[in-house]
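Here you get one chain, nothing else, as structure tokens; it is the form predicted alone.
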């Protein structure tokens, strides 16, 4: 307890492993996005063991095995799906193919853990919902900018403790660096889903989570292709305004315009406004001040604080997901929330005004 304020602002601390070796086995299949490495690392740190890896591209398999040499290379996806010892399949397929993979995984009696965006159409959403109902299996989603970022985890702890009162607005900024060597599917809207469906899903997940909303209305959404004129189906800018079912509001901006000089892939920021204060997250860098990640700023009626929380909080989602799969509970993230964030991202993309520039 802090003597200056009466509220304990300390992080809850790093999570422990939740299971013993052999109690939770997973496989990685379809490695089209590098997020599969973070998904796997999070599960392993929480106590899971990776048994199999599969992708039709040997180079992707080799890169995965370099980081996780304990994984055996499967000859096919079916070899994984037929293994009764596997509890969960993690995948980072091409976005438009993630739902189909999930349906196969759940039909095989296993839980599914997919990279975001978890699907790209409302038809896929309905198919996923129906399969969850008929199989009882999970369709978990790696909304990494919240569940795998320690400052975002800590912000959730602060909100839960009432540090800023009732959350009434969330502003989310998700700039990314395009880099070099992106695969062809990355530039095809039919495959990546559009910028609001893709990286916008991170921000919509955060908006719903911090506001405590169950649903929201898309008030306005816009997309543009300002600089990739040779990639006619690509979008390099998007923004969304939302109103939650509890009255909170949100604004989201995502783009592919991270300058070369920035010391990381994107200056992701989040500003959470409450009735009694606000929280700002400078997730990956604090420009011109600190090169460290997980910078948290808290201002309320008691304190004005800067708190670097890297390696002080951890990411409890992965352990909670493992226990949810073993115990058939919903503590990591409800299925309703995972699907609602995906639904709103797809709808924002569908109704977006195309800006010319």
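Source: prediction; values computed, not measured. Residue numbers count along the first chain shown, from 1.
The same protein also has a form predicted together with a further copy of the same chain, omitted here; what follows describes it.
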Contacting member of 104, 176, 222, 131, with respect to a further copy of the same chain in the predicted bound form [4.5 Å, heavy atom]: 222
Can you pick out, from 280, 97, 198, 77, the residue that has a heavy atom within 4.5 Å of a further copy of the same chain in the predicted bound form? 280
Is residue 257 close to a further copy of the same chain in the predicted bound form, meaning a heavy atom pair under 4.5 Å apart or at it? yes
Going by a heavy atom distance of 4.5 Å, is residue 237 a contact of a further copy of the same chain in the predicted bound form? yes
Although the partner isn't part of this model, could you tell me whether residue 232 comes within 4.5 Å of a further copy of the same chain in the predicted bound form, counting any heavy atom of the residue? no
Residue 181 versus a further copy of the same chain, in the predicted bound form: is there a non-hydrogen atom within 4.5 Å? no
57, 186 and 191 all contacting a further copy of the same chain in the predicted bound form, non-hydrogen atom within 4.5 Å: no
Candidate stretches 60-68, 26-34, 304-312, 40-48 - the one whose heavy atoms come within 4.5 Å of a further copy of the same chain in the predicted bound form: 304-312
Stretch 188-205 - residues with a heavy atom within 4.5 Å of a further copy of the same chain in the predicted bound form: none
